[in-house]
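We give structure tokens for two forms of one protein chain below, kept apart as structure 1 and structure 2.
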Structure 1
Amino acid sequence: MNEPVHQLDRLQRWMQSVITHPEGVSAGIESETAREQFDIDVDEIETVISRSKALNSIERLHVYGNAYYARLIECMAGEFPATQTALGEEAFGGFVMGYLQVSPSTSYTLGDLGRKFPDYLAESRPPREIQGPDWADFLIELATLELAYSEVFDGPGEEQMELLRADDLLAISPDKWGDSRLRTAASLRLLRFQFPVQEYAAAVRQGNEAIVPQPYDTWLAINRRDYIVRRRPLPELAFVILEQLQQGAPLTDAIETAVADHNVDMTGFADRLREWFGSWTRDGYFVDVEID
């Protein structure tokens, strides 16, 4: 640190550790990180922070201490409304406080604040007590979905692009399928869940009563069209085909890989494929096709 701003630097480091202390500003003043800068007790606070006519120095610092957590909890609730509903306001606030200890914001934008929240929930989950998906899995999946929603909402999209149409697909002759790769939209996210979390999230966002669903395997495609986030639950087979395509597999390989992994009833399979690709092109999942 430059000598000229030595005092300013000490004061900022001290104040930041005081107002962000999870147990409040008095605990913050007594903390080791604060004492590294100013080794003072709570009753010596006026050597650093002046009092006003109406409030003492600790009460004044409280304004910043309370605001730090309240503001960031409010922002997280804005980004994760369904996770907050599922947990309840108080427990959600507790989780966010825990999260901020591990991942305090280091970004200029609040848009990055929740990026690691699903990972935090996964890392701090309690041990499993039942076989199969449990309450913690539900919360982690819900937070994962809500993070995907905000990333897709403000991330790259295809609104200003010409997208692949069903006719373009039909124009590829079947003998070229082995060499054709579909480039999927940048906004497209494919997410596997053990709960139909999108239904719970939709109920919360629409202001309806949200009931925690029974677990069942859910395959979800999320993308953005006309600047609004869209979601579509898919059959597993369709999901796997799309996933293969997104990873760059040629059309034939994508379908063959998916079929090989699943017991597929081949009757009417060609019709189902046509239907899927039709809806995927309508939904804007593909940008273009490259033929080797």
Structure 2
Amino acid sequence: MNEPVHQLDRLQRWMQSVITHPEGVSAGIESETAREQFDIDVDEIETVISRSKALNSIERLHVYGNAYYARLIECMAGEFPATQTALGEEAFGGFVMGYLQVSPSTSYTLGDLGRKFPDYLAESRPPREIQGPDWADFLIELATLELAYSEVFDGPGEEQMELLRADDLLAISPDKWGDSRLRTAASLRLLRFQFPVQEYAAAVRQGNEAIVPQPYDTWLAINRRDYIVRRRPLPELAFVILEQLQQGAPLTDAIETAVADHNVDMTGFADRLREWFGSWTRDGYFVDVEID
């Protein structure tokens, strides 16, 4: 490799280390990663980056550093628009900057940037001041929902697969029905919340007025059909049955476990089961059935 090309490669690596350092460009210059390229300190910066008429060398680097983090905040706002709305733009930017201090971007794709954001909000939440769900819980759950939407959209889907139909279930012999195992779709996500955060997120995405809802237990099924992320609120009992099936339980065990853990009125229960399984097959929650 000739020297000019080698020097350019070193300069690019050095500059990336400096402007992306979570503690700022001065700390970036002093970092071990940057010193592997150019072993200089802040006082020697002009040997690598010259000053301009208006800005000194450090100020010029700050321009690039600020633009880099502004772009990351913009990407996070695109992935968590409802969370940004709930917090406000300035506060959201502050939370994102705090998050990037502990979880800097390390992936080749910005699609992974927000993967730990809900965890960061949970770990940095203020002490609880009231009994029951509070504002911090709402924000954490809202971010969790929006991350799930992104992961389902970007993850594996069933667009090219033959999905299980209601007729396929009806064709199972009654004596084998109870031991059958339904394989759920790879895109299916089941989430429990203390707030109906999907209503707030939907209002933001539709451009409507978003009002923070009162807390009440919410059970959601999220999946992707025809490249569109869809979500469906479920009754708790239906959620538990579906959760058991997703974990690999046979049909009888899934239903009996759910019924045993809840005070179920058996009147019309069989009709409810038929309705649930009918909607789940229409929504594409199952891809196959295994009969033991």
Partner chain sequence: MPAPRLGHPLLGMGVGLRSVHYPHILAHQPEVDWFEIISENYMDSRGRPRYVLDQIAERYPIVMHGVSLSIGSTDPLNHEYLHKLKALAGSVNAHWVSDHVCWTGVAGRNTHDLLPVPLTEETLKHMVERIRIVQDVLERPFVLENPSSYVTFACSEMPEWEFISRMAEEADCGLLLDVNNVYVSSVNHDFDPVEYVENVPHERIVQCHLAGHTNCGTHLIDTHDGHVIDPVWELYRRAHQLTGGMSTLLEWDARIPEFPVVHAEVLKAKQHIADELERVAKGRNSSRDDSPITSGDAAIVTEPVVPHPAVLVTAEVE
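The model shown is predicted, which means the values in this text are computed figures rather than measured ones. The term rigid core refers to the most C-alpha atoms you can superpose between the two forms while keeping them within 1.5 Å. For numbering, take structure 1's sequence and count from 1.
Only structure 2 of the pair represents the form predicted alone. Two rigid parts turn against each other between structure 1 and structure 2; the point where they join, the hinge, is Tyr68 in the list Thr85, Gly155, Tyr68, Thr252.
Between-form comparison between structure 1 and structure 2 gives a rotation of 30° for the smaller rigid part, taken against the larger part from C-alpha superpositions. Superposing the two forms on their core, we find that the Cα atom of Asp39 is displaced by 8.8 Å between structure 1 and structure 2.
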